[in-house]
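A single chain comes next, written as structure tokens; it is the form predicted on its own.
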């Protein structure tokens, strides 16, 4: 079953076109890694996908819920507020810089959206948050504040916060870019565990070995377009397009 799809997506910032005719889909339980050089449009694609940024054209759908596309007048438009609210609850985004609320405890960071956005009873949200903290190995840090945690711990809390909303698909924007190598492995192990549980994920990453091992499919972007996509290990080992070959060769120098 298809969980997420964008078709012919475009986005510009003033005169600079960042996304040009982007089309991709993600099936239930699939892990898709997006790779490419800086400035290729990877983060903008995720921000448009999760409705943090408004696209200029194309179509965005979460399953049977279409949130942007051509309206009855033939113009590109976004859906009504109620539809957008439903879409927000179908996806989660884990940022590269954690984006935790510094004035809230770890526990409150996790239960805030379930209680105030999804209107889940506080006791139920609390119980699930504790389960997520146990899963992340951070049960003893429930009452700590983000500033008291390492970067790896903060990122695990950010993942728990996203999972607490039960999204159909989870997006990661370079989740290890702000971490040192030891902490990077912590987060990659968490994501690997989610993949084993068949969590549907799209991961923007610069960790090629990880992408090859965990992703089902890799999408390579450059200059605002999808240059090539294919089975993860095959694309890393035997890319077809010259631009992909040059990018991967540059990483190995």
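Residue numbers count along the first chain shown, from 1. In this text the structure is predicted, and so the values were computed from the model without any measurement.
One more form of this protein, predicted together with a small molecule, exists but is not displayed; see below.
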item	value
Position in contact with the small molecule when the complex is considered in the model of the complex, options 39, 193, 29, 63, heavy atoms within 4.5 Å	39
Sole residue of 128, 112, 174, 168 within 4.5 Å of the small molecule in the model of the complex, by heavy atom	174
4.5 angstroms heavy atom contact with the small molecule in the model of the complex for residue 22	no
Close approach of residue 185 to the small molecule in the model of the complex, 4.5 Å, heavy atom	no
Residue 200, heavy atom within 4.5 angstroms of the small molecule in the model of the complex	no
Residue 232, heavy atom within 4.5 angstroms of the small molecule in the model of the complex	no
In the model of the complex, segment of 39 to 47, 209 to 217, 185 to 193, 66 to 74 with a heavy atom within 4.5 Å of the small molecule	39 to 47
